[in-house]
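The data below hold one chain only, encoded as structure tokens and taken in the form predicted alone.
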């Protein structure tokens, strides 16, 4: 195992010491805190300040960290303790990670083990162990094509909201592949820099569709209204507009199975779909179809909300002191780079080629277990308890994911 760690360390060293390695400068680096996780010692170095970005480059080449971060915040004194830094503002940052998105593939390639009782299972890590209710786990995940696509879809929904509902231009949106299983979106516009945690929580609530008045779960008796007297209506702005467009698209293509997924048993939505779209959705006459009740509209609206909201990591966005992975640096769990690309290229940017840092050489590794995967233009695997010669990028990823060791 030590030989494998040394192998990865040497590759990281080559990357950070290579003069041709491109690590783009961050905005106003002199006002940011920098931090990095030491590769061998496994402790975090924090509260670092670099007056010039070239000094940071030199520090990375000298220390060779496994992961590098900078603060989303700007400070008067980035190298002081937290209570003395002097907060000046922060970028608005979003993190979309496949770890938080349920997919069918996670049951195939992800597994977790309870550190207390040893219970092991495949799938998304639960909040508590099913066997002993402990909360700490060792996880083995994998960045497969479906995982990346699920995160890409959530990012697309986020970008659509930021552009069309919040009014940001594509120039305001800095979009990155995270280096692992997701994407980051940074907004460095001065209009958001001074927002406090509560203001950012409002943005989070909007993006996740939390607190929509039309879907208020408060019991009817508390409002003094009966269900029968409640009316359903949507205007043409914000989430109301999104619900209307989502309902229209849903009804145009829905099957009985789709209704079942939405928890709706009323087949009248399918029998009269064209009339419903015209009268109810387009003209706003929601009560004009006798067979479609308020409860049905609410159920459909809730389903559309859940499908169109973006599954972001809410803690990252609300934290005004957050550290975020630095563009151009390597991810310690994969050996891939965090890479920026234009927002318009979200669907076409391929992380399995565009984020590959190691493009030369091969090495022999003993692979314990790995699914079929694509990296650097090659399709590799699946492997099970076998020694294979792989491109360096693939070998580094498998070792970082604890699925292989350097062969003797």
Partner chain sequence: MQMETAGFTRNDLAKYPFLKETAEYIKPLDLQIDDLTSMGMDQILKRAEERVNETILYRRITRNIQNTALEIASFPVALLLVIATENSLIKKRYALAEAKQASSDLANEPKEKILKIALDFDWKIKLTAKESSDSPSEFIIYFTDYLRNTSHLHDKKWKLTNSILSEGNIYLNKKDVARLLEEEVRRRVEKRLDVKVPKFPAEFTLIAERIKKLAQETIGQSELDEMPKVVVQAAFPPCINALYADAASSHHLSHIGRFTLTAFLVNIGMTPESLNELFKTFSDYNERLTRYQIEHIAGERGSGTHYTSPQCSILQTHGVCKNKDDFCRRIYHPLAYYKRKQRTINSG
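Numbering follows the first chain given and starts at 1. Everything numeric in this text was worked out from a predicted model, so none of it was measured. Throughout, rigid core stands for the largest set of C-alpha atoms superposing within 1.5 Å between the two forms.
There is another form of this protein, the form predicted together with its partner chain, and it is not shown here; the text below is about that form.
Considering non-hydrogen atoms and a 4.5 Å limit, does its partner chain approach residue 89 in the predicted complex? Flag for residue 89 set to no.
Tell me, yes or no, whether residue 136 is in contact with its partner chain in the predicted complex, where a contact means a heavy atom of each within 4.5 Å. Output for residue 136 is yes: heavy atoms within 4.5 Å of its partner chain.
Is residue 292 one of the residues lying within 4.5 Å of its partner chain in the predicted complex, judged by heavy atom distances? No, no contact at 4.5 Å.
Tell me, yes or no, whether residue 194 is in contact with its partner chain in the predicted complex, where a contact means a heavy atom of each within 4.5 Å. Residue 194: yes, in contact with its partner chain in the predicted complex.
Among the candidates 140, 278, 271, 201, the residue which, in the predicted complex, approaches its partner chain to within 4.5 Å (heavy atoms): When its partner chain is considered in the predicted complex, the option within 4.5 Å is 201.
If the cut-off is 4.5 angstroms on heavy atoms, which of these, 79, 165, 306, 258, is the one near its partner chain in the predicted complex? Exactly one listed residue reaches within 4.5 Å, namely 165.
Picking from 150 to 158, 122 to 130, 278 to 286, 261 to 269, which part of the chain touches its partner chain in the predicted complex when contact means heavy atoms within 4.5 Å? Partner-contacting stretch among the options: 122 to 130.
Counting only non-hydrogen atoms and a 4.5 Å cut-off, give the residues of 200 to 215 close to its partner chain in the predicted complex. Residues within 4.5 Å: 201, 202, 203, 204, 205, 206, 209, 210, 211, 212, 213.
Would you tell me if residue 116 moves between this form and the one not shown by 2 Å or more at its C-alpha, with the rigid core held superposed? Residue 116: C-alpha displaced by 2 Å or more between this form and the one not shown.
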